[in-house]
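What follows is a pair of forms of the same protein chain, given separately as structure tokens and numbered structure 1 and structure 2.
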Structure 1
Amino acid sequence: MTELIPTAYSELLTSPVFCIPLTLAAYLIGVKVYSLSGKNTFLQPVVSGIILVMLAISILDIPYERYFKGAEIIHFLLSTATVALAIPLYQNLHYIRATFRPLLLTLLMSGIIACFSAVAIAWLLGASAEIMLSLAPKSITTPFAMGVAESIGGYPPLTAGFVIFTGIVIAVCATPIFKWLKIDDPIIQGASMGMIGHGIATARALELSSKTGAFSALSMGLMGVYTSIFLPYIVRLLK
């Protein structure tokens, strides 16, 4: 499709001047679609945003590496935002006093179970090592998960997709599972949603009650830090 775009413009199409507004526009359309759909969990703004940018760069024949270079400042800010996650974590920390020991013990086990269950099923079905390593951090929030995937030798972009998929599964299935297991404590509900379903399930937890949401946000942060610390060392040991 190169004839569609005169070569004189190819330089412009791979520069930040084009790649940054392209990314912003795709995201803003994603946000609009999400709010118009009544915040349908399946229509996460990031999903529409990624699909729209994929379509745009395929049509304009821009190689992914050159698009990424152009939009790199946005990717840089992902690390900055990861550091900033310390602020809500600090603010939510006082919730832990109510249930310090059960929460931390559950976290210690849950982190390992979340990684192990995903990797074991993928292994049984014959997935490659790189795919298993990309799946392992799928229960932690995207900025942590991508960093961990890169560090352990997975594919960070796939991990980003896996994390979003996981969050949607938990957000959609949480309330039916609570009914099935007869669990009505907002602390248990929220903490488990945050531990396995990170930010997307936290958004759902906030709809249940503010207490559920606060415990989900706290658990998401703790799970992110915990998994980011233990998983790279376990993988290093096994290699």
Structure 2
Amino acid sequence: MTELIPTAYSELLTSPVFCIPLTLAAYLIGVKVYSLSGKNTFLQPVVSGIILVMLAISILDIPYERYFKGAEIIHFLLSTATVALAIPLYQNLHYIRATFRPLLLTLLMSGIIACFSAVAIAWLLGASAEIMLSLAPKSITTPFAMGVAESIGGYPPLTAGFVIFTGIVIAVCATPIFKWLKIDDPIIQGASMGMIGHGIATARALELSSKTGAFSALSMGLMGVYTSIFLPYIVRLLK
């Protein structure tokens, strides 16, 4: 009987019964801390939530793969929740129509700079080809990025890490940079956050305003499609 207790305990810690409440609790604590701090940009709930989950699974000695499997339904719901971004897009459709051409031009240039600047820095630091190929799609949302990384010869799990890190950096640093550069146009703010910081930055953009969130969501989607189509083609040409 006593031998069964550790096994049952281990199964409980890696089951949806534990992993889903753990994830939700970490996020809610992050929201509370963010609110109490006066919405300090460095205490974004997505950042503090990730840190709390990391601490919990490290202390409880839960392998990440087993935690992810236990909380997999949240990952599925996150994908479907993306559909809700259509609401701010619809509410700001007239602004999108008016700025679509300059937005597309910016997207073309931003995609090139985002991919090749990161690869160039990695190359200068002596990174391997696989690392550079994993880094190239870092500015698009995770499902797109992992598929692109796999098709061009990168490591999809490593790419997922780069994508999350990039999104967190943009979500945390975007607002201070906008203030420093005196950029207060929600279209510019949203477009730049979505093109580089994908879904994590879009969550932050929605806090700024509906208009900022709409342009961030639109830019995130367009950048994902643009990079997914052209990056594998360009990599094949360069090989």
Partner chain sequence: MLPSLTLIILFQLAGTFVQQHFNSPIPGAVIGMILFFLYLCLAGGSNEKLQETGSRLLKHLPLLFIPAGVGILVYTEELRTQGIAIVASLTLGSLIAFVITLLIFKKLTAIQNTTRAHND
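Predicted, not measured: the structure shown is a model, and the values here were computed from it. Here, a residue number simply tells you its place in the sequence of structure 1, counted from 1.
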**Request:** Could you let me know which number goes with the form predicted in complex with its partner chain?
**Result:** 1
**Asked** Using C-alpha superpositions, by what angle in degrees does the smaller rigid part rotate between structure 1 and structure 2?
**Response** 15
